[in-house]
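The form predicted on its own is given below as one chain in structure tokens.
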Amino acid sequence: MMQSSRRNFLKIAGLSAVGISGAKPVLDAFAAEGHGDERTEFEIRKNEKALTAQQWGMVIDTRKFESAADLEPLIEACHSLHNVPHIDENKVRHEVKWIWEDEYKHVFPTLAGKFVDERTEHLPFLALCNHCENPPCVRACPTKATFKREDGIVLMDFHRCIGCRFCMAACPYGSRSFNFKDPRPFIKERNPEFPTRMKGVVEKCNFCAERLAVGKKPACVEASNGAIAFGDMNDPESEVRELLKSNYTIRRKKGLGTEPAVYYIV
């Protein structure tokens, strides 16, 4: 056992001596020793009740929301479940959010025209990670802390995040938050079934992957009273596909080629 550990140490130490150009082999060495498993604990524990899809997607019916008050229960359901801290001080810098409400002109800057109808102009829109088909955040991450599953969900491995924030710079939707301070003191009531984060870690919406693994839909979907649909985009008989067939929908910054998996009925 001791000899094996010594060999592993020498192998990794030798690769480290290569310098910056050898960074990838070092990471690969850790992966080979079982330190680089990209699956989350929720995937590993997946059971027969798990909800599965070839490509998960979400459809938000904005016609069913009238004010910011209608969105508060959805945001609270997500944030309380995932131990998202509520930090008031220096909000612009320290705010951590997985799902939030914003104005049309901010959520859809490329679609905001000069003469938008009054309801659309003042209606609050939900914003979250788009779980893009071509996620630039995944390409930008040097440690594979952020990765895309086969079912389209883009996840974070909090233990592998080194806080470089390259993924935040790459994300064109502002969907990621950085913990500039320890978030734990700012959690109202901790959910013991979901991991808390630490200072220096990036976090974001995970499409409630841990709930899908046990047969439950995302928390925001359950709290929306039918205003949000969630399902398999590759299944022509799914609810999300039926909604897309019968309604006009838009996506955020579609022209960038990221192919967002979140659609909005307007």
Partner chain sequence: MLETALKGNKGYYRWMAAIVAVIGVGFACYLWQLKDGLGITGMSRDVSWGFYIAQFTFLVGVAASAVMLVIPYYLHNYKAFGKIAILGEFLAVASVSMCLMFILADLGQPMRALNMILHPTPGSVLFWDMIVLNGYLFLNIVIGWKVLEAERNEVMVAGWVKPLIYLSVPWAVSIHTVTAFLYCGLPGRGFWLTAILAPRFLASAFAAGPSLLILLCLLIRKITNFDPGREQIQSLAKIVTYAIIMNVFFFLCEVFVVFYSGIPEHMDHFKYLFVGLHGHGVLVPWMWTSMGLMALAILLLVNPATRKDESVLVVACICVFVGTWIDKGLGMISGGFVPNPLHHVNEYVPTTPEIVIAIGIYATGIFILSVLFKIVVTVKEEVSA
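Positions refer to the first chain, counted from 1. Small disclaimer: the values here were computed from a predicted structure and weren't measured.
The form predicted in complex with its partner chain exists for this protein as well; it is not shown, and the discussion that follows is about that form.
Judged against its partner chain in the model of the complex with a 4.5 angstroms heavy atom cut-off, the residues Ile228, Gly231 and Arg241 are out of contact without exception. Shown alone here, Pro172 lies within 4.5 Å of its partner chain in the model of the complex, counting heavy atoms only. Taking the partner from elsewhere, Arg176 is found to have a heavy atom lying within 4.5 Å of its partner chain in the model of the complex.
Although the partner is absent here, Glu76 sits far enough away that none of its heavy atoms falls within 4.5 Å of its partner chain in the model of the complex. Though the partner is left out of this view, Pro109 does reach within 4.5 Å of its partner chain in the model of the complex, counting heavy atoms only. Checked against its partner chain in the model of the complex, the candidates Cys161, Leu71, Ile87, Leu81 yield a single residue with a heavy atom inside 4.5 Å, and that residue is Cys161.
Along 115-154, a non-hydrogen atom within 4.5 Å of its partner chain in the model of the complex is carried by Pro136, Arg139, Ala140, Cys141, Pro142, Thr143, Lys144, in order along the sequence.
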